[in-house]
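Shown next as structure tokens: one chain only, the form predicted alone.
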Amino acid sequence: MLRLPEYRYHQPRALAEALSLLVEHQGDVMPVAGGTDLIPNMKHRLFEPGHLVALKRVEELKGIHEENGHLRLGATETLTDVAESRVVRGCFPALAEAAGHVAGPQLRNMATIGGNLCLETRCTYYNQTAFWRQALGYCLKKDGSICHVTKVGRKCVAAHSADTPPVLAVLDAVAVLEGPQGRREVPVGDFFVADGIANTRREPGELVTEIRVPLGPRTRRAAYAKLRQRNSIDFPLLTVAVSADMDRDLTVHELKGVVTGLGARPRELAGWSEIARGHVLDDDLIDALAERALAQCHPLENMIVDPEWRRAMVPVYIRKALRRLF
């Protein structure tokens, strides 16, 4: 049986109290909302904090509503709440779909949108028990000095495997963070860095408090597609999110695509608007965009399936997502 390490559990009821606890116990503390990712990782001894600061009772972190031309998502709203919200489904159906495809219903009832944004990177050589990792000599991400994927020790390439961030990125969403230095906003497209060990721009003691999605023009459409081994519970092997500003005749003004599951951060596909702008989104254009994406995507052996097969699926799922824009 995998047991949790010892820790002290704090239940603040206000954001200021939560932030104070994170500062007080800095270096030996982690925030927890749904805990669907953190708790298993603690059982595997990937994290052993002496303090956990629970966020579910903090009222400032709740709520889904329109506000000042944005859709505001409180960070501790569950993925079920996001997936089933009439406001989200009406404004951003692709985001509701992405939230509704995370894991299974039991986990979605606990997991939060803020937690999904900050989801820990994953790797075949990392997400294992302490006994398994010790037998291999650990890895660069935890307790070791070498990456077993690249065979060198300079950079961790654990994969970003969250469903909602690529959709939030193509919708130009902004993450609102609060910490010891005050409040700041970071576009979700810039929130991640190419470091499998710590792949977000959150500073020590900072919390994501809300996510703000601009309502944008009514001509904008977005779509989402996900590749996984089992369609019920698995983490994505590839996630594709696309958005387009189009006329009624499907003439493209702007087009954006983001993929994740291939590296330590979601990747925006370069050159799409230049290819598509002024053209009708037909099969020929979709094929050109899919081939452009294939040239940019090179999965690593950081997941349990063959990377060449995952790469071959890139244009397949790009086409699926783009056709859903119709």
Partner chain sequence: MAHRAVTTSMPMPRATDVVRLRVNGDLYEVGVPAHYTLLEALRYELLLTGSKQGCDKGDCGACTVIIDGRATLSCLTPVHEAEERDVVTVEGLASADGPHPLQDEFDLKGAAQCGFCTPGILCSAAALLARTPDPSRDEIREALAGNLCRCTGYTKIFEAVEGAAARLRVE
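Numbering follows the first chain given and starts at 1. Values in this document were obtained by computation on a predicted structure and should not be read as measured data.
Quick note: we don't show the form predicted together with its partner chain, though the next part is all about it.
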Checklist entry - For the chain seen here without its partner, which of 217-225, 162-170, 142-150, 231-239 has a heavy atom within 4.5 Å of its partner chain in the predicted complex? => result 231-239
Next on the checklist: By the heavy atom within 4.5 Å rule, which residue out of T251, Q106, Q181, Q134 makes contact with its partner chain in the predicted complex?
Outcome noted: Q106
Checklist outcome for this item: The one option of R277, H298, K56, H65 with any heavy atom within 4.5 Å of its partner chain in the predicted complex is K56
Next on the checklist: its partner chain is absent from this chain, but in the predicted complex, do K155, E185 and E210 each have a non-hydrogen atom within 4.5 Å of it?
Outcome noted: no
Checklist entry - Would R323 count as touching its partner chain in the predicted complex under a 4.5 Å heavy atom rule? => result no
Checklist entry - Closest heavy atom of R311 to its partner chain in the predicted complex, within 4.5 Å or not? => result no
Next on the checklist: Taking its partner chain as it sits in the predicted complex, is T80 in contact with it (heavy atom to heavy atom, 4.5 Å or less)?
Outcome noted: yes
Checklist entry - Closest heavy atom of H51 to its partner chain in the predicted complex, within 4.5 Å or not? => result no
Checklist entry - Can you tell me which residues in 1-23 come within 4.5 angstroms of its partner chain in the predicted complex, by heavy atoms? => result M1, L2, R3, L4, P5, E6, Y7, R8, Y9, Q11, R13
